[in-house]
Each structure stands twice: as C-alpha cells, then as structure tokens.
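Quick setup: one chain, the form predicted alone, written in structure tokens, and binding and motion questions come after.
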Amino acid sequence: MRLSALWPGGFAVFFLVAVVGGSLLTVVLQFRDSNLVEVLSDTYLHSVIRFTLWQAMLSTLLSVGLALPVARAYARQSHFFGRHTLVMLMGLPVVMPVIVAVLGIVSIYGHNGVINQLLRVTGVAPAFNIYGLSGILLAHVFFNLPLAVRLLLPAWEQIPGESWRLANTLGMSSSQLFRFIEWPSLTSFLPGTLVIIFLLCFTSFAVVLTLGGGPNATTVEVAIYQTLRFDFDPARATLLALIQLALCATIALAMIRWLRALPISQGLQLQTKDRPDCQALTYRIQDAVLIVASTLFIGLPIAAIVVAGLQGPILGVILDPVLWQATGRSLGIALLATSLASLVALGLAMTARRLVLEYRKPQATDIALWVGSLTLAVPPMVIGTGLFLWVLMTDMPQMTTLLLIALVNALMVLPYALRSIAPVLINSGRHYHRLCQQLGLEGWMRFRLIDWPAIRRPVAFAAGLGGALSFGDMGVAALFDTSGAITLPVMLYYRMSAYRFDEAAVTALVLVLISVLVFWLLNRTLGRWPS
C-alpha cells in the first residue's frame, strides 16, 4: 500500500487529533491535581447530571412521540396543495440560529407573550412558565419535532404500493394498517431518530442557558460555561468537561449501531392513494388538525421574530457599527469553519474511496463516518473548554481566539459535510474508477473532470448548511467572549439578558436574514461552480 496516496485522509486525521487531542490533553492535565473523591461526591454535580439526562429523555420522548402522528398525517394525506411547502417549513428550525428561535418562543409563550396575553383577555390566569424545565422542553420540541418528522417520513416512502392495494382488498382498518404495514417500516427509522434527538437534547446549550431560569435547571454544558465565566473555577470546569465527555462517549458507543446516516424527506409526494383510510372524512379531519397545529406551533415563533424585528428600532440598530463588527467576525468564523470542515470531509472521503476501491477495504466508509462524527462523543463545549484553558495559560490576541472558535465550529459541522460528500464520492468512484485508470486520469485532472461534477451539489448544500449553522452558533463563542460583542449571536444573547428586547428583536431579524443569505449564497455559488 502506497502511504503517500493516503495523504488527504492523513491530513484530516492530523487535524482532528491536533484539535480534539490537544484540547482533551489540556483538560486532563488541569485535572491531575484534583481530589477525585471529593469532587465526585458533590451533590450539586449529581443534580446537574440527573437534570441533564432527565430533560434529554423527556425532550426526546415528547419530540418523537408528537412527531409520529404528525408524520403519519403527512404520509396519509400525500396529495394536497401546499404540502411540499409545509414539509420544507419543517426544515427551518434545523438551520435557524438557536438563540433567535428562543427569542421567538419567548415572544409567543413567555409571560408577556401572545398566548398569555390572550389568556388574560379571556380572564384566564396564565399558568405556563417559560423558564425552567417546561420552557426547555417546549424549545426542544420546537427544534426536534420537525426534524423527527422529516427523519420518519422516509419510512412511509419506502412502503410499496402493492402493500396498500393488498390492505385495501383485505379491508384493513387504520389501526391494522399501522400495526401490520407502517410499524414494521418505522422500526428501521425510529431507533436512529431517537438516538440523534437524544444526543442533540443532551448537548443543548443555548436553549438551557436562556430558558433554564436558575441552578435547578442546569445541564452539564451550561455548568461548564457558568463555572468558567462566572465562578472562574478551572478545576471544577475540567471535571465537568470530563464527565460530559464520558457521558457522551458512553451514550454514543452504546447506541452506535443506530447512528447510521438517516435519509431526510424532501417532501416528495407519497404513493399512498390506494390505502383504505386516506379518503375517510374522520381521518382527513384528524390529519388536517394535526398538520395545522404543528404548522402553527412552528410558524408562530418564526412569524413573531419577523413582526417584532420590523416593529423595533431598525435604523438605530442597523447604523450601530458594533453590530457590523460582530457580523464581520461571525462571517469570518463561519467561512473558515465551513471551509475547514469541507476540506477535512473531502480528505476523509477520498481516502476512504481509495481504500474501498484499490485496497478492498469495504469497512473504510464506516470508519471515515465514525472518525468524522467525533463530536457525538466529544461535544464542542468539551473541546472549547480545553482550548479556553489553553488560552488562559497564554496571552493570545483576539484574532487567535476567533481562529479557535472557527476550529471548534468546523468540528461541529463536519458530520453534516462528511455524510453529504462521502457516499456520493464513493459511489462515483465505483462507477468511473476503471475508466479513469484506463484513461490515466489521476489527481487534479480526475477531480476536476469526474469527481467535482458528481459532488458539486452535495458539497454546496453541506457548505451552505455548515455556514449557516456556524454563523448562528453561540456555544463556544459565548465561552470565549468577554465583551458581549464578539459574534452576532452572542451580542443578541447579551441584549436579551439586559432586557433590551426591542434591540434584540431587530438583531435577531438581521441574524436570521444573514444566516439565510449565507446558506443561499454558498449553496448557489458552489452548486454552479464550473468543472
């Protein structure tokens, strides 16, 4: 085996080992002098771990439990005007900056939100408190219910039409259809969906930070942030980071059999017109209620952000130079992070393809996906803690701090890039590898003529999604920030914390518009980049 031919994957592995390994080594070295028995017996630590697991479990059960009937309603009513648009709406919370969505949720469900104001008008005292466990669960359902719907819809897309026609002939009821046809198909998708959403809720940061409401509703990631920023206790932060690492690694390893790449529905029309219950009036009304209710649940906070932003002091916020300085830093971080993630993903995918096709190593594809999904076992906040401790030991300028934030964000978006690029690149290699060998196409010439046309659209989509996610992320940036204006999401969080909600609404609207613009420009530009 020519090792020189494996240099793209070697570069990618070196990058991952340098960033992840270096940050973890810093955390471990900080912990070597701590009294392990004393810190592990801390009752506050126990309560934080219990709450982290409890809220993640409840959020997952609520999100997937509510998504099942909604997804079934979309699957059963497969042909109605606007269906494709509504399914696309389900994708908005996935790419929307978390801190912006939280502001919209507070505007609708908060103490002075639209729902509670309507209750007061009708004489009903509002009983829902947006802060604490209830608010965290509500926000997690807002983000993860639409994701679960789009992850579960392909289960209906793979049911053959013959099954529906046979069920129609046998006169099956709706419950029998679910038991004998739909549930067997769902069992292939449900475990992976549960695992993905549980890990997302377990490592949630911005939602818990803004809606936790106090020490009784604190997760491990938020506790790390508070310990470093407010208590300045590196020893305790180091312990929390190691606990977070151990918990995530244990969960990821225990559930790795279900962590495969699940297809996400693009809103295709399903061939279910032959199912017996699709035209029954009772089920059509039931499905319409579910679809309308889920659309309002997702759409109202988004609409509230737009309305509040347009009613706020738009001119004053837009003319503030600090806003655009923070925007510039966020854009720089996003572009660097998505560029690094795309290069690392491409390096891993190219090396995996070579191992599969030339060296007959079919397991290389799975290994590449596992290596690129390190953030499932090593959350960005743990890596950020190690880098933050390293910055404390050195006198680093702000530019270096921005570079470190970009490195962590690159690891955050790497799984999205790798799972978009690797399958397409390896499949292209299977089709054209022998032809390239016969024509003597290698290196840059093969990439330009064969590989790039095949992966251009997946790379464009991954880059757009990664750029939007990195631009709107505030987790690690909030840890490094000392001024409240290092990035645009952190600026929005500080304005919300200072109860400057009118300025925060305009800032949120700017953040959403630029996030959408980043996604659109990267997706459109790279998607049409000539070969």
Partner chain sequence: MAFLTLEQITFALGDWQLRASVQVPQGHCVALIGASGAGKSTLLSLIAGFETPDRGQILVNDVDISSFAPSQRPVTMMFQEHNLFAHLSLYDNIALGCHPGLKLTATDRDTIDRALAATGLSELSSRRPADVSGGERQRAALARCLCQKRPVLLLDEPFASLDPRLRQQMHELVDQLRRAHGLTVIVVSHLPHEVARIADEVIFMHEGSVKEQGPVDITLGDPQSPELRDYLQFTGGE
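Bear in mind that the values here come from a model prediction, so they are computed numbers and not experimental data. Positions refer to the first chain, counted from 1.
Missing here is the form predicted together with its partner chain; even so, the following discussion is about that form.
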Worksheet, complete the sentence: As a check of understanding, the residue in 84, 434, 457, 165 with any heavy atom within 4.5 Å of its partner chain in the model of the complex should be identified as 434
Item to complete: Just give me the single entry in 441, 290, 172, 181 that has a non-hydrogen atom within 4.5 angstroms of its partner chain in the model of the complex.
Response: 441
Worksheet item: Is residue 445 close to its partner chain in the model of the complex, meaning a heavy atom pair under 4.5 Å apart or at it?
Response: yes
Item to complete: Mark residue 449 yes when one of its heavy atoms lies within 4.5 Å of a heavy atom of its partner chain in the model of the complex, and no otherwise.
Response: yes
Item to complete: Considering only heavy atoms, tell me if residue 453 and its partner chain come within 4.5 Å of each other in the model of the complex.
Response: yes
Practice prompt. Go through 290-298, 196-204, 426-434, 150-158 and give me the stretch that gets within 4.5 Å of its partner chain in the model of the complex, heavy atoms only.
Written response: 426-434
Fill in: Residues of stretch 300-318 in contact with its partner chain in the model of the complex (4.5 Å, non-hydrogen atom)
none
